[in-house]
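In structure tokens, one chain follows: the form predicted alone.
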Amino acid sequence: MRILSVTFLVFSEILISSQDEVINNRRFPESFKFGVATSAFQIEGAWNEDGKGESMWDRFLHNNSSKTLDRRNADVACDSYHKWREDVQLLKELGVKIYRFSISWPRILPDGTTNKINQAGVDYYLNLLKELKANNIEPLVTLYHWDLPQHLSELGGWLNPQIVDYFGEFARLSFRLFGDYVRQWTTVNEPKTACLLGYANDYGAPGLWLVADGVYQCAKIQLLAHAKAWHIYDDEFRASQGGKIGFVLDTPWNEPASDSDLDREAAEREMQFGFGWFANPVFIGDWPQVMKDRIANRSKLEGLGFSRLPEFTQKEIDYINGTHDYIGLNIYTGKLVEYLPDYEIGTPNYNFDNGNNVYCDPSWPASSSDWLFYYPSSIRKLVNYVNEKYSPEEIFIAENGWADHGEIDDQSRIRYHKGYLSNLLDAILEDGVNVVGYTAWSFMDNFGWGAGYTHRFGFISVDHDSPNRTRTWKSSGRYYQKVIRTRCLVDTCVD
């Protein structure tokens, strides 16, 4: 299968940065929406206040502090539950037109079921939404950003098919309660990473080592849950509320390590195992064929009479296929992919099913995180690939950001966003890809799952050692503020 190769066009009006990078000096379209992103668990804190229930991440971290690099948890995080008015004013000063955040499922449904609705939690989100509206900031609301109610986790979490119905009820309640203020919804954030980190190892909640089969069951159930929420919105709320609903997938851009046919094949397989795993069922129907073939073959050689990749029924295929109004992309970096011979048959493993040697070019500038490197053309290549292969109605960049150790004068973050946004603008203006918005990760320094607070992504610094969780502007925040105001990445743009 062909790997898309994007040829970068250089026009006469260009400016060169101090790193000798070509930065597009044209303006973003007036319709393009600039914003920032967060998630409830990572910023809200107040983990057990005002009737909120326990999430699986609360339990996971309370039971074992070693799960984060700094042995800290999100009990207080950025304390945005109490500081939401201050945060909205910072959003207003930043100038964003859209703010992506998530609803904490256990904050409004303490045990995850509609048996008990926590009015204090409902009021928190209603107040936030009203304040955003008063300041002309559009919300992009994520229903599920990993904080599954602990009660539902104990029922089996994303391995239990009944969670689809519980999620549907949560989604229906959210649409009913908040739909008058929300025109853009995301069902599930990064289902691939949620499944791999929580059901393939103990890096994330619930910490189950089910790398041979649990990851695939998790994927199927999250896809069905996404479809359930989409159909509920489409059938019951779209006509009256007039919004859009999609989901958000994360992936690096996987580039062949060489021009060899084997490396090109490996790079496409890497895209299918990591991205097509979820995109294909929604945009095409069914799992990617390469996954079906490889996992079925390895399962047979392992002595099984069935594939470890659970089959969809035709009814399920039809139910999931087409459940999209847009696609959200979380793209941070690129990877090089080198072909490897198939692993010997032994202990079943998702990574062995896929194969490949995946790495980053050592010449790419590194962030403070060992997985994140500066490769700005990756965003242009990815949106072209997605546009060509899946033809989504719209593409929205839901996360894109840079990690450091908390520098206030964070020039490396400015360089990162300038380079990635320049390539994104190239994709829009030169390649004709319909990218409609960008919510940078992140609005403020927040809890980083297994990284704790050791790696910072925010435009706004948060002092997590201060009882007040003091907010301080970074240089990157001021740069992004100017980009939003001028729609221009450099000092002077060509209209």
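Since the structure is predicted, the reported quantities are computational estimates derived from the model, not experimental observations. Heads up: residue numbers just count along the shown sequence, starting at 1.
In what follows, reference is made to the form predicted together with a small molecule, a form of this protein that is not presented.
Comment: the small molecule is not present in this chain, but in the model of the complex one of 396, 199, 146, 105 has a heavy atom within 4.5 Å of it, namely 146. For the residues 213, 268, 79, 190, the 4.5 Å heavy atom test against the small molecule in the model of the complex is passed only by 190. Shown alone here, residue 47 lies farther than 4.5 Å from the small molecule in the model of the complex, counting heavy atoms only.
In the model of the complex, no heavy atom of residue 287 sits within 4.5 Å of the small molecule. Although the partner is absent from this view, residue 416 stays clear of the small molecule in the model of the complex, with no non-hydrogen atom inside 4.5 angstroms.
When the small molecule is considered in the model of the complex, residue 457 lines it closely, a heavy atom lying within 4.5 Å. Between 156-164, 169-177, 252-260, 325-333, the stretch whose residues reach within 4.5 angstroms of the small molecule in the model of the complex through a non-hydrogen atom is 325-333.
With respect to the small molecule in the model of the complex, the three residues 42, 371 and 441 uniformly fall within 4.5 angstroms at the level of their nearest heavy atom.
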